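A single chain, nothing else alongside it, follows as structure tokens in the form predicted on its own.
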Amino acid sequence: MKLKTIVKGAALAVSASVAMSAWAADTIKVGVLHSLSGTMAISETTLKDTVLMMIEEQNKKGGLLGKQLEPVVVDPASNWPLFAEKTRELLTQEEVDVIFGCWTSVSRKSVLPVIEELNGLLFYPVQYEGEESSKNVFYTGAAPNQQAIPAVDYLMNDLEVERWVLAGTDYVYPRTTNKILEAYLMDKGVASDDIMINYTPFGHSDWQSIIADIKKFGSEGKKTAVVSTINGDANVPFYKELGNQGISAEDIPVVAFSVGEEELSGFDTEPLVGHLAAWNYFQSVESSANEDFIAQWKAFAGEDRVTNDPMEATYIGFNLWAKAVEAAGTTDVDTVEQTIIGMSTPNLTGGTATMGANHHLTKPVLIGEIQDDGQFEVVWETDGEVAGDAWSDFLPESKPLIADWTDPVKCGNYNTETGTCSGQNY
């Protein structure tokens, strides 16, 4: 009797193992790598929900390659080294076919060596500082020439700004972006005395003295603006202190690169009205594609939820990946990577996003003014889409570099002057 029980149990175990293997083989695993706790949860939780919505919608259409998509969600908890650990877990233990994730550049930089070592595929959906192109990453957010440079041009040409406060969170994205902007401003004839640069830690909350310094800097007879690369929940006390010290958009306008509808939904927007943000998408944009996306999002997440730019970048990246998988007939990373280059998909502003050979998208650039309902009124936009530039023309060491993952270059930092590739290549 005992022998029969053991044999039966063993058979059931083998059967369960086979069934699990078959189940695993019948799904395509999608890694979701966004902070659901910590200082960046204010921004990243929405992107996790966006990926889940896209997966749900794709599964309703029949999935991909005859298989359903299976989300694998992890929480790196705004802990930059943990992003690397969670990426390794997703690729080696969960064996995901693709990862959608990261917000800050420091998290992406943490993930980069792991995803290159294990030949994974990451879609990164947030504006960043450029100066990078990896075979294993598609950058669906804005490069500096698709956000930071046009924003400065708008302030300089349309608002006649002469003095500049470059205020950022103390990590790689603000520091590199401000290095590019400082070089760009000085190239435009702005004196170094007319540029003030300030960095604060993640989660910084005491803005009283810094805002006082900005107010003093802007009181010397020249039109002054703040270019903000402040990230995460530090934006809440930053804008609150601007209001406390009576700094309006008419006095010293702020143009933000990391504040969108999601962040504003937690603010008292009254003192923020008139301040600006530079993105490639706003919820207020009128297009049939955007109307459908907003309706889909509210049905999935709730009527009170808003959309924002990194959500659109996630939407575009997911659709390009799905399109490439279907076209290639496989989720193999190397095949999908080459298939995506040159592919196009509709964006949400009524145009088309095309993936360049440097793994960056074409994108429109929009300047939006904050309204009292937490939405943005578009006050300026480019005429059509702008191609993303991985390497800045305003840094001497970067100017000769290009990224091109097609033959014959197949390199992320190819030096056009020396004809050499000094980094990752095929």
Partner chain sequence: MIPITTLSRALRNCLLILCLGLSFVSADDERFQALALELTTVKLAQTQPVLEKIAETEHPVLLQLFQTMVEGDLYYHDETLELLSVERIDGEYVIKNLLSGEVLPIDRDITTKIRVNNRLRVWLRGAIAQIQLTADDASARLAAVRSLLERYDDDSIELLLSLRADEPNTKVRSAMDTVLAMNTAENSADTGARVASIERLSDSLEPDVRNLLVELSYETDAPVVAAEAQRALERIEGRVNFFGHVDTLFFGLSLGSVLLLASIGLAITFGVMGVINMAHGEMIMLGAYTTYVVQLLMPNHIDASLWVAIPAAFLVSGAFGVLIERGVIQFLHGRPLETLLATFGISLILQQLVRTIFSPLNRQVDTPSWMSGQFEINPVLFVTLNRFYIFVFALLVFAALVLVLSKTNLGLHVRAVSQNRQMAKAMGIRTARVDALTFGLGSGIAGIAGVALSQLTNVGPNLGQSYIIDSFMVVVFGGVGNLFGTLVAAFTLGIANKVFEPVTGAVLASILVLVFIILFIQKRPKGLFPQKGRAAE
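These figures come from a predicted structure and were not determined experimentally. Residue numbers count along the first chain shown, from 1.
Omitted from view is the form predicted together with its partner chain, to which the following refers.
This chain is displayed without its partner chain, yet in the predicted bound form the stretch 233 to 241 from 88 to 96, 143 to 151, 331 to 339, 233 to 241 comes within 4.5 Å of it by heavy atoms. Interface residue among 398, 27, 371, 382, judged by heavy atoms within 4.5 Å of its partner chain in the predicted bound form: 371.
In summary, among the residues 72, 294, 273, 301, the only one with a non-hydrogen atom within 4.5 Å of its partner chain in the predicted bound form is 273.
By the criterion of a heavy atom within 4.5 Å, residue 56 is excluded from the residues contacting its partner chain in the predicted bound form. In the predicted bound form, none of the heavy atoms of residue 194 sits within 4.5 Å of a heavy atom of its partner chain. Its partner chain is not shown here, but in the predicted bound form it comes within 4.5 Å of a heavy atom of residue 221. When its partner chain is considered in the predicted bound form, residue 38 lines it closely, a heavy atom lying within 4.5 Å. Counting a residue when any of its non-hydrogen atoms is within 4.5 Å of its partner chain in the predicted bound form, the hits in 190 to 211 run 199, 200, 201, 204, 205, 206, 207, 208, 209, 210.
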